[in-house]
Structures are given as structure tokens and as C-alpha cells.
Ligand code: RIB
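Here we start with a single chain on its own, the form predicted on its own, put down as C-alpha cells.
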Amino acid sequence: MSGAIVILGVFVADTAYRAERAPRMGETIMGSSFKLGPGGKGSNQAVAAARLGADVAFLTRLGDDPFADMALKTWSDAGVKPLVTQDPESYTGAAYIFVEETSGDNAIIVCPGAAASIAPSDVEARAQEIGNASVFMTQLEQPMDAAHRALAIAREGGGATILNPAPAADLADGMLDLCDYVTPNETEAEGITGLPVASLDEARKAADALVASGAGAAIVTLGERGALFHTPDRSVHVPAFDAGAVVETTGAGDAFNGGFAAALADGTDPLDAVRFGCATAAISVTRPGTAPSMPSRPEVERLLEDA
């Protein structure tokens, strides 16, 4: 039976603009489309894991506004349990997302709003849920001291701990010691370690540095090249899956992390969980949006079987 997953993170309303290119400073250009939808790394990861059938709770702060209503409906539809404090004096987070029409690549600005005030006290108020989780995951969109405290509580409870270090930042001393898995993309791995990550060999060196700094395993996601699973004992490149033409890459990392967490909660071997995460991400990029692009378990299992 699948164990429970608790995710600490941020919800933001994604305002996504598609155009041939980004505007220069002071320039106005015409876009081809606009879409408003649910986002935020932690929220996306929670939706991804829940759509895969996992038992997921999401810990965050929201405002008391229409974007908060969007968040609560998104989680209800996906089956995510909200562990939420609402702050009427603040606002629910929002993100500007530019999507390049020709490639599907993106650039993002995030304003976390009420979630920027998530504190260790919020985490300690949910210590029972975090400590009892089979898998705990967090990122760096909310304050780092809250993430650090949550990882410590999860480690004390004996669950698997995952840090998705996004956006890249200097990590607090001892934080990686609390992480069974750290899951940066190439840019984040370079930002944290100071090492270039342009090739698979360079990714291995950066992963080595993360493991040497305390992480149990480093999983460097490599976009269209898949992912690198790296521990002190083994280093395995997992190629990407081909699920069809790429439409948008915005939620790919969140899809991977949600899929990886869901598989771990099922008791799957970590390397196979990486494959499951890669398959989840491969399907997500064939669809527009972030949370709405997350696939179901039967879709992921079919892709794995076909491969």
C-alpha cells in the first residue's frame, strides 16, 4: 500500500503568455495567447503525485482572494489534502510565465505572496503529518528556514526526504545532510556547486559534490537527455522518454519530482522511481500548462510498457 506524501511549498496563479520572442526592455510586442492557471512548484508536484494515485498533503500559506479559491479547487479536483493557513492581509502568489512559441522554452518571475511568510512555526504546527509521512518533499520557493526545519522533522520521523533546490540558492549549513535525495536541474546543480553542468560527465562531478556535501543521492534532471541518478555506489543515466511533440516545458521538473515521490511512496526502487519520474515528465511536456498537464498513472504505466 502506498505511503503518505507531505509536500511543503508554494502555490501561485500562473499567468502564461506565448509569443515568438521575449520583449526587450521598453518594448511592447503582440503575443499569440494568454492562459491563467494553477502553478507553483510545490503545488504542481502535489497535483502530479496525487494524479498518479498517491496520498498527498500540501502545506502552504494563501491569501483570501480569487487565486486562493483557484488553489483550493485545484487540490480538491486532484485529491490533494490542503494543510493551509489563509492570510487576508496578504495575497495569494502569482507568476509571470513567458513561453517562446517556437521552442516551448520558458522564463518565469514568481511573487509568492502569503507563502513568502511561511515560517518554522507553520511547519512545527504540522509536525505530526510531516513526521508520519513516508515521503516528504520541499523546494526553495518558500523561506529556507521553514524548509530546513521540515526536513529535520521528516528525517526524525524516518520518512524519505527530497529537496528540489529550485530556484537555486546557497543552502543552509547541514541542510543536505537531511536529504535522502536532492533533485536539481542542470542550472540549479551548477548554481549550488559552482561547477559547470553542460555534459553528462560534468553532471556526475556536480552530483559527486552534492553527495560529498551530505545528500544521500543526487538526481540531476537533464531535460531532453533524461536524468542522472548518482549515489556513492553507482551512477546511472536514465534516458528521456518520447511521448510525442513538445508543447511546453514549464511543468516538466515538477512532473518529474511528483512522479519520483509517488513511486518512492509505493516502495519502488529509487532508480526505477527515477524512470517513473522521467516518464511522468515526458507526458507533461506534450501538453500546455503546469498542473493541468500532469498525467494519470495509467498513462505513465503505458509509456513505461511501450518503452
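Sequential numbering from 1, following the sequence displayed. These numbers were taken from a predicted model, which means no experiment stands behind them.
Quick note: we don't show the form predicted in complex with the named molecule, though the next part is all about it.
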item: Non-hydrogen atom within 4.5 angstroms of the named molecule in the model of the complex for each of V12, A95 and G251; value: yes
item: Sole residue of A209, L83, A127, V110 within 4.5 Å of the named molecule in the model of the complex, by heavy atom; value: V110
item: Candidate stretches 35-43, 59-67, 234-242, 260-268, one within 4.5 Å of the named molecule in the model of the complex by heavy atom; value: 35-43
item: Residue contact check: T290 to the named molecule in the model of the complex, 4.5 Å heavy atom; value: yes
item: Contact of D122 with the named molecule in the model of the complex (heavy atom, 4.5 Å); value: no
